[in-house]
Every structure is written in structure tokens, then in C-alpha cells.
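Here's a solo chain for you in C-alpha cells, the form predicted on its own.
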Amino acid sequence: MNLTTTEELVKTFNENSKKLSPAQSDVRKDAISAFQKQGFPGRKNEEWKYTNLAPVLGRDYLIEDTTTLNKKDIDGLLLSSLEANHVVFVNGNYNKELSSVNADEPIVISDLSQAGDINEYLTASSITLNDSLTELNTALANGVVITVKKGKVVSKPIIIHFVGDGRKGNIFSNSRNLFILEENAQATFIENYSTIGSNAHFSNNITQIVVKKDAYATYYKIQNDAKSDHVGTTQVYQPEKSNFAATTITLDGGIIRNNLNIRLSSEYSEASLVGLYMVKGNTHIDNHTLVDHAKANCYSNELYKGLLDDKSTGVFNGKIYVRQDAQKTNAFQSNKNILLSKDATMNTKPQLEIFADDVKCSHGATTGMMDEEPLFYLRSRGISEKKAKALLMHAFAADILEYIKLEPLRELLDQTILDRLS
């Protein structure tokens, strides 16, 4: 299947639609029709101005899911140093046999395609993004609904592993997951991406997170797979007073686009968005964020930092939207980038749209080469240039790692970064 034509995608939809619950059928049919009209996004689309998907779309991809992966094949991919509940997807499909979830945990996992009254979530991301890839995901995606019960705390993180089996050919996958934290619940989610085999894995994923009254959700997205191309949307709803914290770490990949949209729909809700991207070679990383302050007395803080080397390219497009009713809003956004090579490029666009008059909001962005003054100071103490640069880069990245409250994950990522810098 070549993604530059839509016939095979429509054929795949027609085959998969037989497995859907009647409640979802009409929404999914509308989505595939919308995708047919729009096609894949191109650079004439303002939202895709700096991200060109043509190299990814021009490949041939396997249609059939012929994977034969077993637990031994994926043991090394599962962040094995972390004690966790593991939910495994292979080529975009939930694999219950490879997953392992503690039966004592207060969570319920159900099949998205058979879930009943979730149409408001299937359509919500399309409305927010107005993006053909979102429509394609709505039409084709398999996935799960993970519900954390009222008043319960999930003791160990829930890791969602997206594994591409690229041993027989390139893989194109669509996954759609819905996480619901009921009132006063707490849970930590980690998304992790990996590919087995020599071929590429292009994933088009959507994660939707509903954080209800007094609930607390922590979300980590880890990208460190050289064979992975990825377009992912994380859509967060905070309909009542609640807390949400997201950390996105990108260390390797091909063409990567991360959309993170948060809607604060109740007073005294809080959201934290932090990200770190350390890329080299020809990797392209695009982070698009939107924080929608719909009600008063809410707080959001956003910090993204990037290190770009070789011919890598980066995009940061962050928008804070403060509605008229959102008085007493506190919203802060910052993007800081260091270019380690003359061939690396960065396009950054922080934005504020404010329709309320009693707010505290700020945004800013910086992009430049490594500061010569601290480098000179370290060199004058007898430290080699290579070691001095590594120390400064690690210090730059450490600001983001401090936001990772899960200590084993923080230590694992810190060691991965140190290994790369050395």
C-alpha cells in the first residue's frame, strides 16, 4: 500500500468497519469521507508549513498485520527496569497476550471498537485539529479504553508500548486510546515507541485523556527509535477541577510531529507541559501545543527545550488561548533552543490570544549557538572542549528531567542522555 493514494485505505476501512459497534459506525464513516476529501496534509496547510510528510507517504507499506512477535522478541523494548503495568500494541493493534497488567490494580481495560457511548471523544479531536490525519485515525484506529476507578490510585505506572514489527516490510499503524480518570483518581501513563527489524514504522496515533474532579494524571511520552516516523495527538480534557502534567522526551526518530492540546474547562484546574528534544542526523521534530483556558482561576506552565545537531530540524508552535470568561488566568510559556551545528535549523512560534483583562500571561522563545562564556570558563579549568560541551548540554537538559517525578524513569533517561553525550 502506498499512502499517496487513498483507495487501499478506504478498502481497509470497509473491511474493519464490520467489527465496529453500531454506535461508532456513522462517526467512522463520516471520518473516512472527510479524509477522502482532504487527503494527507501538505505544506500549503499553515499548520504543516515546516513539516513535510512526503518522504514518509511515498513508501510502500504492508496492509496485513502478519506479526508473529512473542514475549521474548520484545523483552528488551519494554523499559524493563521499571516496575509497571504493560499494555502492548503491535502494528497498531492491542495485543492482550503480550500485555501484563496487575489484576489488583483499580483499572478496567476494554476494546475501543466495542465501546458504547464514546462518540463525543471520537469526534472531539477532529473538531480541535481539523486535520485529515485525525480523520483517518478516527476511521481506522483500534485501541483500548482504560478507566481508573473513582477514588483509586494506580500504584505502578501504566506503560503503553507501541511496537512496530518491521521485519517483513514497512508498517503503517493507527492507534486510538482513551484514558478516563474518575473523580479523585490518580495514575501515571507512559507512552513508549520502538521498532523491530530493519524497516520503518509510521504511526498515526491519538491519545485522549479525561481528568475528572480532583483527579491527577501524569503523562510521559518517550521517543527514542531511529526507525520511527510519528504523528501523534494527545487530547486532554479537564471538565472539572483537576491536575494534569505532561512530559515529552524526543531523543531519536525520523519525522516526528507531537500535538498536545489541553482544555481547562473548570476553575482551579492546573496543567503542566514540558518537553525536551535532543536530535541529530536528519531527524525532524515538530511540537505543536495548545492550552485553552476556558474558565477563570486556572494555571498552566509550559517549557520546551531543544538541542539540535547535524542537519536536524525543529519546530515549536505553542498557543495559549485565554477566553473572555477566564479571568485570573496564570499562563506561562517558554521555548529555548541551542543549535549545535551550522546546518541545524529551528522554527519557533510562541503565541498568546487573550480575550480577558485580568490575567498574568507570558511567552517567549530563544534560539542560538552554545554560549561561549561558560564554555571558556570550563576550558580554562583544564576540561577538554568535548567534555565541556557535554557538561553544558547535560545541564541544559537536566532542567526538564527534574520535572519527571517517577525516579526510575528519570534515572533511565538521564543515563541514556549521558551515554549519548559521552
Partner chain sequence: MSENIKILEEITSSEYKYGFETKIEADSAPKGLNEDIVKFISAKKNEPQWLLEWRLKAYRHWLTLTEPNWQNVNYPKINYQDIIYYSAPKPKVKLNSLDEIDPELKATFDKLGISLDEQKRLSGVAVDAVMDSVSVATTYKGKLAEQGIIFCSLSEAVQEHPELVKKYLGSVVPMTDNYFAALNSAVFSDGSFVFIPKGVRCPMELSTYFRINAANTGQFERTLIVAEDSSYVSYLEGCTAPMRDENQLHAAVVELVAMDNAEIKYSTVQNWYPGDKEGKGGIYNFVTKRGICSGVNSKISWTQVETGSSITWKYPSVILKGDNSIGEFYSVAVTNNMQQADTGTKMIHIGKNTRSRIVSKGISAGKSQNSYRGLVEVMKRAENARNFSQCDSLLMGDKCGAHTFPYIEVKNNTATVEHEATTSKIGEDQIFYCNQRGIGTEAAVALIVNGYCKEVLNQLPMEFAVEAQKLLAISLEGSVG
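Numbering follows the first chain given and starts at 1. Quick caveat: nothing in here was measured; it's all calculated off a predicted structure.
The same protein also has a form predicted in complex with the partner chain, omitted here; what follows describes it.
Out of T367, Q36, T67, T51, which one falls within 4.5 Å of the partner chain in the predicted complex, going by heavy atoms?
Exactly one listed residue reaches within 4.5 Å, namely T367.
Counting any non-hydrogen atom inside 4.5 Å, which residue from I383, I63, L375, A356 sits next to the partner chain in the predicted complex?
Exactly one listed residue reaches within 4.5 Å, namely A356.
State yes or no: in the predicted complex, is some non-hydrogen atom of N301 no more than 4.5 angstroms from a non-hydrogen atom of the partner chain?
Taking the distances in the predicted complex, the answer for N301 is no, it never comes within 4.5 Å of the partner chain.
Q324: heavy atom within 4.5 Å of the partner chain in the predicted complex?
Q324: yes, in contact with the partner chain in the predicted complex.
Consider K342 of the chain shown here, and say whether it contacts the partner chain in the predicted complex, taking contact as heavy atoms within 4.5 Å.
It does: once the partner chain is placed as it appears in the predicted complex, K342 has a heavy atom within 4.5 Å of it.
My question is simply whether L352 lines the interface with the partner chain in the predicted complex - judged by any non-hydrogen atom within 4.5 Å.
Flag for L352 set to yes.
Which of 393-401, 27-35, 358-366, 53-61 has heavy atoms within 4.5 Å of the partner chain in the predicted complex?
Going by heavy atoms within 4.5 Å, the stretch is 358-366.
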